[in-house]
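Below sits a lone chain in structure tokens, taken as the form predicted alone.
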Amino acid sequence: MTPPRRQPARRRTATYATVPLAVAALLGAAGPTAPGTTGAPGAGDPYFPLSGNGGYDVRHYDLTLGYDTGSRRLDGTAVLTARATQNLTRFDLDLKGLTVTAVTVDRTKADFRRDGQELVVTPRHALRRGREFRVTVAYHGTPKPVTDPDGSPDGWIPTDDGAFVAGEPQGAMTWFPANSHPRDKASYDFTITVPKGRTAVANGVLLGESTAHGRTTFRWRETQPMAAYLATATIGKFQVERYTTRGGLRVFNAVDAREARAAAPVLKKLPSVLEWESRLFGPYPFRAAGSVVDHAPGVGYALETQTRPLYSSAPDLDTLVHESAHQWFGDSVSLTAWKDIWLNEGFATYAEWLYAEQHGGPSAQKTFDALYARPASDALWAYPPGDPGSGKHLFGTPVYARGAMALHELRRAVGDRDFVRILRAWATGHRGGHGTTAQFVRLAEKESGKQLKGLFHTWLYTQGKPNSP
């Protein structure tokens, strides 16, 4: 993610296959209610205690949405295919606002109630651990964004011609019921119907579009596992560009006409940026690529929505490089806890430094030196990037800049060859999955043959400005 302009600090696996319902039937229901059979209302993340849920893992989301840009009404049906990770008599979904009209579990009516951002579901029959099941939720209403701890809007953000839909860190729940924590990744199908003349852009590959009775329906599919916050359904009056790169990537760019002139020369560089990053980090992890450049002046940031980064205005080249690098670091390799956000933002920021260094800009060392010259009182040293302390600090300067400085110190310690090998091993070894800071430190030590815990402790976890490098 790139930061809101008002906050210079912030920048913000398996392919789905239909699960036979017969399998669920054979597994059967659990016995009478027993202690420990209620799914937790959160995934246990201290920064966002109610984000995500316990007791199940979502394999696939099938979202059917209709949005009226005039009334701003959203009608939705979400079908979640999931697996119980414990015996379940009750479980939660994250959904804020919106009116739920019906819930079924395996086509059988289920009881439900609302509790803040939790949709609490009680199936007619309990679910055994390991059972595959489907939850269908019908809902409608006027979606509204949430305000994040840093004061920025997040989720379904209305615009003058549609909606800018950016979910990091907690906004997915504003437009579909989800297990909304990066620990739980799934594949997605989107069917989005909007007024004729509008374009609805989601993740992955566009399967088709059709128009009837003044409405156009767009069908999108993302087969690779994706965290809920990376899903989008952005809607607007867009100029659309489609092409296939020489490497076979299907590119879909959607640009608001008000941003088109400024965006064009930057978006033209997308294929070469992805090629450069692929040489550095390993093969591009998805089948599709592109950009959504909206005109959303009240937002002021960009987000690395999977396969198709989302920009609230025309991006500059640094921002394009940054959000593209997130396709490896943050999207393909995802977090298990929000405190490790530097693994996303520090890596994407350092990609900017490397790109500049290799394309006629300042060296990474020069960029590092300019940052290190800041006084100890500067916001850069306000808190350690390895554990920012709360959701308020997820997108602050230390996470981005000091996180990148930690990677530069690693590069200096191990040399360029080992450093590149570490980056590639991280991106390819955790492709489609998750990673933690502790795992990255162990990988760096293994690949380099050096003890590096002290270096990472200094640059990621110590308070204040580290001693001179």
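Numbering starts at 1 and follows the sequence shown. These figures come from a predicted structure and were not determined experimentally.
Beyond the structure shown, there is the form predicted together with a small molecule, which is absent from this document and is the topic of what follows.
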query: Close approach of Glu345 to the small molecule in the predicted complex, 4.5 Å, heavy atom; finding: yes
query: Exercise: Pro169 in contact with the small molecule in the predicted complex, heavy atom 4.5 Å; finding: yes
query: Close approach of Asp340 to the small molecule in the predicted complex, 4.5 Å, heavy atom; finding: no
query: Distance check, Asp256 to the small molecule in the predicted complex, heavy atom within 4.5 Å; finding: no
query: Contact segment among 395 to 403, 248 to 256, 373 to 381, 213 to 221, judged by heavy atoms lying within 4.5 Å of the small molecule in the predicted complex; finding: 395 to 403
query: Candidate spot Ala231, Glu277 and Arg308, all three touching the small molecule in the predicted complex (heavy atom, 4.5 Å); finding: no
query: Heavy atom within 4.5 Å of the small molecule in the predicted complex - residue from Asp148, Glu118, Asp318, Asp106; finding: Asp148
query: Contact residue in the predicted complex, chosen from Ala325, Val333, Ala186, Ala302 - any heavy atom within 4.5 Å of the small molecule; finding: Ala302
